[in-house]
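Quick heads-up: it's one chain on its own, the form predicted on its own, in structure tokens.
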Amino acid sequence: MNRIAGIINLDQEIDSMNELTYFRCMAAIPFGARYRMIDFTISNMINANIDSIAIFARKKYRSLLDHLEQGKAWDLDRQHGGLFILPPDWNDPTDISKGELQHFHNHIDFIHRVNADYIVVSGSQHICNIDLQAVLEEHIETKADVTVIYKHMKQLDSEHHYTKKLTVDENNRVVEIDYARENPHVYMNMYIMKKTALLKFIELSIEKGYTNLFKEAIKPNLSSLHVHAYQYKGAHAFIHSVESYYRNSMRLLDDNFYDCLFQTEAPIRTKLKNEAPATYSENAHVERSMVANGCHISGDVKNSVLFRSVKVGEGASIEDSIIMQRCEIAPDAVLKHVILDKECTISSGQVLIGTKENPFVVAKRQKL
């Protein structure tokens, strides 16, 4: 059996979410009432029987550490293999590597020692539920040097302007990688290759003074490498901005999208919280919303996503909004097109209104 190890590379993910990334990296942003963005990447790896996962983190990863702990929620708290959260080693006087290659250089021992024949490298901004074993099988069958994963988009949104696009031939071989706005083949920042090949790429890249393994060692060599394109056909969301986060969170209220992402044989796992089920008073009215456990609802909630332990007072109205964990909405407050980060308090009678294109965002632990 061919074994795979995983690397989740957060180094190239820019904190572009304003208030939502003041205190955390992109991977730690809450999503879908009870998850964090990184949960999807880790779950995809675990569902492919990957039991050794390294996370390359550089900054604002305290929240990530708090969420992941020892990896118990994903069965990664084990003696052999497991979860490794790896910041770069700033104290190595011999280190001449730069950019993301500093991670690959500083943690080359992980790649050398891991019991795997193949390595899958992924970011955390592409929300999906992908069968990585199927990707590996196609990679081996096509005898590719590298297999990259893409999504054919029926409609390109504004966030896709910031993603690489793939041009593929009739044999699904990648012939060009660029940022062409009209190209619907969105590269999902995931690729797989043999461990031995990855080690050679790393060594060559550091010798040449590169900063980005994919951009400088793989992309310019498409003519000499066999880079195969694997098309992912499941539910997908790319989170790059507050607007894209809001819009894709609202998509979770669509049954088809939700079922394709969550109601499969491959579960998305997250850190467990032992809280009571949500409770509703006699005057509560909830319509087309996701409400996590621990919530207490006494007001009106419509087309919204409520994370764990949110309290909604009597007469309060929440519509088209995202309310993160442990927020308190006092009686008669009105929220529409709003994103509240964790532990915010909204006073009685307060009115907060944004738009779909520009939701009103309140940073963590604010009182209004």
Partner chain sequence: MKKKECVAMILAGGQGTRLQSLTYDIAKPAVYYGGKYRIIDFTLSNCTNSGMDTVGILTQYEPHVLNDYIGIGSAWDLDRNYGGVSLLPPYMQSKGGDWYKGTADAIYQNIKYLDNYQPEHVLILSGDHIYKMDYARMLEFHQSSQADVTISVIQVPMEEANRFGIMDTDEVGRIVDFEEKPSNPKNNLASMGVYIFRYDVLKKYLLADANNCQSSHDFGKDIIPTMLADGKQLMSYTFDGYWKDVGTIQSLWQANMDLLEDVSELNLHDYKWRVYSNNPSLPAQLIGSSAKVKNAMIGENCHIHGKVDHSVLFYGVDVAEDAVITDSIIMPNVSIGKGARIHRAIVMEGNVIAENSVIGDLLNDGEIEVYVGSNNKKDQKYVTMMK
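Numbering follows the first chain given and starts at 1. Computed from a predicted model, the values in this text were never measured in an experiment.
Another form exists, predicted together with the partner chain; not displayed. Remarks below refer to it.
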*Evaluate residue 61 for contact with the partner chain in the model of the complex, applying a 4.5 angstroms cut-off between non-hydrogen atoms, and reply yes or no.*
no
*Is there a heavy atom of residue 218 no more than 4.5 Å from a heavy atom of the partner chain in the model of the complex?*
no
*Evaluate residue 33 for contact with the partner chain in the model of the complex, applying a 4.5 angstroms cut-off between non-hydrogen atoms, and reply yes or no.*
yes
*Is the gap between residue 274 and the partner chain in the model of the complex 4.5 Å or less for some heavy atom pair?*
yes
_Can you work out which of 269, 173, 98, 161 has a heavy atom no more than 4.5 Å from the partner chain in the model of the complex?_
269
*Pick from 284, 242, 177, 111: which residue has any heavy atom within 4.5 angstroms of the partner chain in the model of the complex?*
284
*Thinking of the partner chain in the model of the complex, which stretch from 289 to 297, 119 to 127, 135 to 143, 100 to 108 has heavy atoms inside 4.5 Å of it?*
289 to 297
*Hey, which residues along 236 to 262 are within 4.5 angstroms of the partner chain in the model of the complex, non-hydrogen atoms only?*
252, 253, 255, 258, 259, 262
